[in-house]
Structures are given as C-alpha cells and as structure tokens.
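Next up: just one chain, as structure tokens, the form predicted on its own.
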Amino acid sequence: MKDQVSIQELQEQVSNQQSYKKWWKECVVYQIYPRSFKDSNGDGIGDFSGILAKLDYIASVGANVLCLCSIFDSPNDNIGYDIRDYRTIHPDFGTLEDFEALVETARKKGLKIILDLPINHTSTRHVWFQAAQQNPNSPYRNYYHWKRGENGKPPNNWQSFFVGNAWTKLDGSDDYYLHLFSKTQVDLNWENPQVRQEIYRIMRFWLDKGIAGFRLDGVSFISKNLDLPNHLIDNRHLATYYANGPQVHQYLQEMHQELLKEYDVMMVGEGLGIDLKNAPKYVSDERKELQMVYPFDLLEIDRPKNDFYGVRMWNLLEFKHIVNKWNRLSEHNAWNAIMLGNHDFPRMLSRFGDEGTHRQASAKMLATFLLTQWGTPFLYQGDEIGMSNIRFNSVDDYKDVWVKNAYEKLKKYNVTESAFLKAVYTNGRDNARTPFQWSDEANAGFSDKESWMSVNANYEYINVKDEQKDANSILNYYKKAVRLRKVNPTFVYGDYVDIDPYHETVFAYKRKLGDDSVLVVLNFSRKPTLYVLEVPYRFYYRSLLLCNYTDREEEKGPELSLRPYEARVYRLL
C-alpha cells in the first residue's frame, strides 16, 4: 500500500504553479435569477436587498462567486435581456447605491460578484436605437444592422431563435433591422468600432464598481457574416449559421487588450454554437479572450438542436461522450465551465434525475457530478434543495416571450393548448424561473405578497427551512460536497480519466494530482446496479470520502452494489 499524500502537500504543489493557479478555477459559482430569489419590499419581485439578506445562506452552501442574471434597466420584453440602459439598474431590483452596497457586503463575506451582460443586442427602446430609427443619417444608424427589403419581403430568410423571421420592417420605410432573438432585441453592429468602444466603456463602468467579471450573453453571435446570405431554413441548426463569425476572436482580443488586461476578472461566454473544434480559440490562455464557455451540447442533450418543441431521449453514453470531449480542453491550456442548468433551461433534477421516489438520491448524485468534475462548477439557485419543474394550467401563466411567440405560431397550425403545454412542461425556461422556495409559509417565503410568477406548489415540502433541519438533506449534502472540493486540489487541478466510457448506467472517473488519486462512481439509473471495477482499480485500497446514502457499508472487493442514483467518492490508496 502506497503512502497517502496529505492535503497540505497537494496544496503546496499547486501553490508552486502560480501561472496555472487561478481563483476562477478554484471557485464555486452560484447563479441567481434576481427577480425570483428573494423579495424584500413586498412587491412580489426579488431585489438586491433580498439577495443581501441571504448572503450568509449562499456562503453557507459554499459558493464564493455570485453570477447575477441581467440587472439592467429593461422594458422586460425578454425579462431583462432587452437592455434599455446599461448603466442604470432596473428599478424592480433597487438603485445603483443598493447594488454597490451588495457588492461591498458580499466582498466582506468573501463573495465575488459577476454580472450577466447581454452584448449582442439592445432593446429597441435604447436611446441608440431610438435615434437610429428616427434619422437614417444619425451616426447611431450604424450601431445596428440594416438592410433593404426585396419586393416587399425581408432581406433574406434568416429566422429568429424566438420564432419567426429575424428581420423586422421599420414603419414607413423599406429598411429592416436584424434581431436574432425577440424583435425588441435588435442586434448591435460590432463591425462598427464605435459600438465596441461603447461596450468597453460600459464594462469598465461596472468593473470599477468592484465586480469580478462578466457572463457575456450571446457572445458567440457578435460577429456577423456581412454578406447576409440565405441559408437552408432549418430551425434546428440556427446557431450553426449565426455563431463564430469571422471577426469574433479579433473583437475579444481587442476587448482584452483595451480593457480586461487591467483587471483580474472571470469572463464566461454563453457559447451557443461553440463546439470543441473552435472552443480553444475562445478559452486557450495564451489567446487572451475568455476564461471559459458553456458546453451547450450538454445543456441541450435532451432536445433536437434549437428545437423548442421537440424532446429526445438521451442516454448516459452520449452524456459521457460530451463531458469527456469538453474535458479535452485541458490539452489546449484552456479551462471549462461545468453545469447542468441555468435560467434558460428546465430544472436539472427534472431532466437528469428523478422528481419522484429517488428525488433526494438523484439530486445528491448530480451534485456529486458537478462538484467532482474538471472545470468551474456552476450551481443554479434552488438546485441545492432539489427544486423541480412546474406545470402551469394555461399558457397565460407563463412569462417567457419564447413560449408566447411559439404558441401564437403553432395556433395557426391548429396545435391545441394542452398539446403545446406538454412541451412547455419539459422544455420551458420558466421552469427555472419560479420563485425560490425558502419555507413552507405563504408564497414559499419568497415574498409577503403574491409573487410576479406563481410558486411551485411543492414548496410545502421542498424548501430551505426544512432542508436546514434535516442533517441528511440535499442542501446539507451540497455543503459536504463543496467542502470536499475546496479542501482537495485534486478536484480542481487534477487530471481527469473516464475509466469506463462504455458502461450504460454508471459514470466512473478518476481525478489525479501528483500522488493523490480519487475515484468517483455515479449510478445514473433508478435501478440497482452491480458495478465491477476494472483492472487496475479493483486492486486499490479505497477510502470512502463521500456517499449520498447514509447507511453505506464499506465494500473492499471489486464489486460495488450501487443503489438507485448512488454516488460514491473514494480516495485510492
């Protein structure tokens, strides 16, 4: 039996590699949807004071970076992602002074804040666009993409991600403006250097407020093919046409050179359309662009590509293939973000786990996966207590513009509301946007008044208050898993190897740093599984570090009797 390396020795080894050691690699990110996190003033809408009041809760989970979804002034056509003024806080959330107080209080508690910044488009209500549409000769006209229609039709057949044509005609004109998303989210012309400088000034404004970086919303779309060619009308592959434009890397390198090199920041790209072939160009350290991007193929594994209505069955072999593929970023001196959900996707428990009998076990298993993988883990609010999808009875109850646009289109094809709702129950973004479930009190303890969106009825038995009282709860398991990651550099800087990529129900992988080796075994099935360790792992002595079942008896042989959704983390000695 070889000697066990101490945690202190591992930490010293990592500390000696300062060029590789980064705070944003070691952090755990907690993403907040402010509108639904905590209401402090009784208007039914979450706000900064609500977040501030819950900073100790977030810290107790173990997160040390907060990622706030868009907080800027907006008409809310797309719930905050259609920006009217980048330097003004939406009044629903508070004031600029409230935000500054949040940043400062978070800093004192050891929490950094990054902001979700939409940089591909503005609202049609932004002063730039208002000037552009009122005067064709305004310098702001060139802040956006315009093109003349042809024979009373749009300039080309580009489709919007949010249903319908991606061009909208300006009243009283033959000119059309481009919008890859909602018609109130008009695409910025990044080819105009003045636009880029405007965005850099906006970013500097917030960085000087003490934030630690940005999640760049829509970053893969900022560069356009200005030939604006028609494409095959195939809504499942829109990102193929729109992402990774010819100048995108030039713009990101310029952003670093003119701004970001002055700050120690965490830059996360929302990378729809970015795959492993081009991801190293975005995140390889020597290119000086971003620190990490989202692996969208994992987030979209259960749906036909860019098809809101479709649902496809996925299997663990696909899941592992995607994870293993993205982990090869390490070969490019690059880093990864690891997540299973956010505000744009349904609840991870409902997609990858079991809402019913095995809710607790599957939620804990998924937590184990997120916190033992290679890359920076992103936790989304409510996943740490096992929040799940919601089922509203009417389309009118949903707030998402995507849902409303899709339903209006499908009604023309005689699709019934009940049939449409079945798709929304599975795929709708509002599944992740329901108010946070703090307690079993009225409105789930989120607000004293009726909330902006109905709470999930299961708040009566799924809430923070009850989870905190139960030593074996999902919440307390998250805390254990985060602590384990934080004290052991192997989970951050260690090599990653999938030891059994073709097993259909078990995901088993090794993390290794120096002389320390850790084995993670995850049963992704609701059925018991007898898993036999392959050579050489069956000959290791194993010390159990973490398990999501409390009555686990130690098994020293090569056969592991895994219960439904069981997760085990071993140190190999």
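The first residue of the sequence shown is number 1, and the count goes up from there. Since the structure is predicted, the reported quantities are computational estimates derived from the model, not experimental observations.
Quick note: we don't show the form predicted in complex with alpha-D-glucopyranose, though the next part is all about it.
- Contact with alpha-D-glucopyranose in the model of the complex, judged as any non-hydrogen atom within 4.5 angstroms, is confined among 209-217, 88-96, 129-137, 448-456 to 209-217.
- Relative to alpha-D-glucopyranose in the model of the complex, residues 78, 429 and 433 are all within 4.5 Å by at least one heavy atom.
- Scanning 351, 343, 303, 179 against alpha-D-glucopyranose in the model of the complex with a 4.5 Å heavy atom cut-off leaves one residue, 343.
- Note on contacts: among 185, 74, 388, 223, the single residue with a heavy atom within 4.5 Å of alpha-D-glucopyranose in the model of the complex is 185.
- For the chain shown alone, residue 121 is a contact residue for alpha-D-glucopyranose in the model of the complex, at least one non-hydrogen atom being within 4.5 angstroms.
- Not displayed here, alpha-D-glucopyranose is approached by residue 162 to within 4.5 Å at the level of heavy atoms in the model of the complex.
- Taking the partner from elsewhere, residue 270 is found to have a heavy atom lying within 4.5 Å of alpha-D-glucopyranose in the model of the complex.
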